[in-house]
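Just the one chain here, the form predicted on its own, laid out as structure tokens.
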Amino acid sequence: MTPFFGKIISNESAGMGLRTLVIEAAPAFEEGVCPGQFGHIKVPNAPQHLLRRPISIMDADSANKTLTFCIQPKGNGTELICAMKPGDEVELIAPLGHGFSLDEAKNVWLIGGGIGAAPMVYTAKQFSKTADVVAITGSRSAEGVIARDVFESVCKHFVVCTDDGSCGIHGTVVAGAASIGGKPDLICACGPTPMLRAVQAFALEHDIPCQLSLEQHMGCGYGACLTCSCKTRDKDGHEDYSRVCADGPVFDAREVVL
């Protein structure tokens, strides 16, 4: 994928310091955008920041050729990206990576923790076309619940979990999953590593197919620099390393070692 310039269409608050940016990105749709893929965004007007920032694609509008990103400003680079205004241009590469695969699942649970709930928005929209989708998201408080209106509109059921109990279930996303009952055909999850580890354990214990989207620092985004390597295990139990950007960011829960 070749870098291209996209125009900022809107930049709005998503609560808890998060910003939602909609970017005009027609070249991204030449080969299609899949749920779970990401974009590599260049920090604007900052030559000191050589590396792009990997940001999950929150939503994709093929009619208007726009990509939506929900960004958490953690450092100067992401702060500069979040400070862009409508009309500004930004250089990015998208879409990148291997995303979630519905296969033939008819009953799917989507689990997102913190900013990891963002890529579940587009995933829910796409998967709900042919499957019953339950979304389970976790955040520190009610203010941090991402895209509640979207999840409630496209999902069969939406479960909110908060650390402080200010909204929904007072507990983890695994507690939220356990509260649903039954057994899905597939679990897809994105979030911090401790959460993914807990979801992985839950899925393996209950023999549920599961796909995990890893959050990892990335350099090139193409798999050349190897800075985002993660440990994986093949079906025979042999361990090796895979590139999160090129081989992932979505991995089968039975293969990735967390």
Partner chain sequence: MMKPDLSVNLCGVTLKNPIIPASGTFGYGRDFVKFYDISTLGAVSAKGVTPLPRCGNPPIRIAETPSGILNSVGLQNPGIDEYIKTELPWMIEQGAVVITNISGNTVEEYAMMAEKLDKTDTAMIEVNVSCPNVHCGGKVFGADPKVINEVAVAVKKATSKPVIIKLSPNVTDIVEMALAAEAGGADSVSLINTLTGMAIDINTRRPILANLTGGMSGPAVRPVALRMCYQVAQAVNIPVVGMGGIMTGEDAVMFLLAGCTAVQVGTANLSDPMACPKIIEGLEQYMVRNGIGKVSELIGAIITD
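These numbers were taken from a predicted model, which means no experiment stands behind them. Numbering follows the first chain given and starts at 1.
The same protein also has a form predicted together with the partner chain, omitted here; what follows describes it.
Partner proximity in the predicted complex, defined as non-hydrogen atoms within 4.5 angstroms of the partner chain, places exactly one of 22-30, 189-197, 65-73, 212-220 at the interface: 212-220. Although the partner is absent from this view, Cys155 stays clear of the partner chain in the predicted complex, with no non-hydrogen atom inside 4.5 angstroms. The partner chain in the predicted complex comes within 4.5 Å of a heavy atom belonging to Met1.
Among heavy atoms of Ile93, some come within 4.5 Å of the partner chain in the predicted complex. Contact annotation for Gln48: at least one heavy atom lies within 4.5 Å of the partner chain in the predicted complex. The contact with the partner chain in the predicted complex, taken as any heavy atom within 4.5 Å, belongs to Cys225 out of Ile208, Cys34, Cys225, Ala201.
Contacts with the partner chain in the predicted complex, taken as any heavy atom within 4.5 Å, map within 227-241 to Thr227, Ser229, Asp240, Tyr241.
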